[in-house]
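Next up: a single chain in structure tokens, the form predicted on its own.
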Amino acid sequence: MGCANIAERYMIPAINALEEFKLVAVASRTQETAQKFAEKFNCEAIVGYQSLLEREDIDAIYLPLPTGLHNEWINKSLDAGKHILAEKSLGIDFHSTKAMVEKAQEKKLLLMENFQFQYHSQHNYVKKLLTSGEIGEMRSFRASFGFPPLAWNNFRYNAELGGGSLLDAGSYMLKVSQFFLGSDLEVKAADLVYDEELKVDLYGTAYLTNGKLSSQVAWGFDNFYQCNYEIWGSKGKLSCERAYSAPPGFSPKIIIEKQGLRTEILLDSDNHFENILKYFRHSILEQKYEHHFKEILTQARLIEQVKLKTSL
């Protein structure tokens, strides 16, 4: 549902690469775009999102629409009996996100937020290094995700469509903090810098803690490109340089630094787009939805806390 760049470059090719899935149709607001995708990916072209939901031969929807359109089309998709894999951020605010989750629970359907980076094997490798004590006990976590300005007609600069850096790049920072430090984090301080004309935040920072460990994160649309995290331990430091956007075929590198020693570990490439799709299907077949709902609500809570701390 929607012909976003991420759908064309990564998600639809991943769907077509997996024998467990069949791409039935792609829906767009215009015939031209729908037809372009249909010809490229060998599926049906559908004009209008509602027309897609009326199809009885579709079990699940991949929804890469801007966040500002999610409330309408996720609810309509759930009413139509479809499982949903939606791009981040799932909701504009906590209230609307909670309502979508409650509807998914009521309908007994899977609603899952597409943070595919979590399913890249490089991060499980890092977790194993931490468990083995490679850098000692964890002391703090730091992460950055940001990039230079986009074209000014990009939906990320449109407040009505749910634009702003927090719901985009910033959402990764909150999610990766949970991935390594757990779901019991609280935002203790945050800052968002807004463009007064566009009415959207362009970059920001946050400090999160669970009472024992802390996460210091930064993100933005007006930044020198960064896509990393580092974990500082009692005996060393571990860094991941391409943490959130490692494409298929790319071999990630993990750097370990200790006193007088620097080690670079080149890992095998992986496809986190295919991996998350497999997990999405597995969750449907096993009817394991609740942990996805909890993850969505925790993420939405932290986003809301960043906004509240910024407004103080």
Ligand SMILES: NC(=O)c1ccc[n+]([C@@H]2O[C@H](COP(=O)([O-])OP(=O)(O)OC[C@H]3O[C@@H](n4cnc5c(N)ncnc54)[C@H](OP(=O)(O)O)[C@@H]3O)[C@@H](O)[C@H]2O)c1
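Quantities reported herein were computed from a predicted structural model and do not represent experimental measurements. Counting begins at 1, following the sequence as shown.
What comes next is about the form predicted together with the named molecule, which does not appear here.
A.B. asks: Taking the named molecule as it sits in the predicted bound form, is Glu87 in contact with it (heavy atom to heavy atom, 4.5 Å or less)?
C.D. replies: Glu87: contacts the named molecule in the predicted bound form.
A.B. asks: Can any non-hydrogen atom of Ala4 be found within 4.5 angstroms of the named molecule in the predicted bound form?
C.D. replies: So Ala4 counts as contacting the named molecule.
A.B. asks: According to a 4.5 angstroms non-hydrogen atom cut-off, is Thr209 in contact with the named molecule in the predicted bound form?
C.D. replies: Thr209 lies outside the contact set for the named molecule.
A.B. asks: Please determine whether Thr67 contacts the named molecule in the predicted bound form, using a 4.5 Å cut-off between heavy atoms.
C.D. replies: Judged by the heavy-atom cut-off of 4.5 Å, Thr67 is in contact with the named molecule in the predicted bound form.
A.B. asks: Using a 4.5 Å cut on heavy atoms, which of Ser144, Asn71, Gln178, Asn114 is close to the named molecule in the predicted bound form?
C.D. replies: Residue within 4.5 Å of the partner: Asn114.
A.B. asks: Only one of Phe155, Tyr125, Tyr203, Tyr119 comes within 4.5 Å of the named molecule in the predicted bound form by heavy atoms, so just point that one out.
C.D. replies: Here the answer is residue option Phe155.
A.B. asks: If contact means any heavy atom within 4.5 Å, which of 102-110, 165-173, 235-243, 209-217 contacts the named molecule in the predicted bound form?
C.D. replies: Of the options given, it is 165-173.
A.B. asks: Looking at the named molecule in the predicted bound form, which residues in 26-40 have at least one heavy atom within 4.5 Å of it?
C.D. replies: Contacting residues: Ala27, Ser28, Arg29, Thr33.
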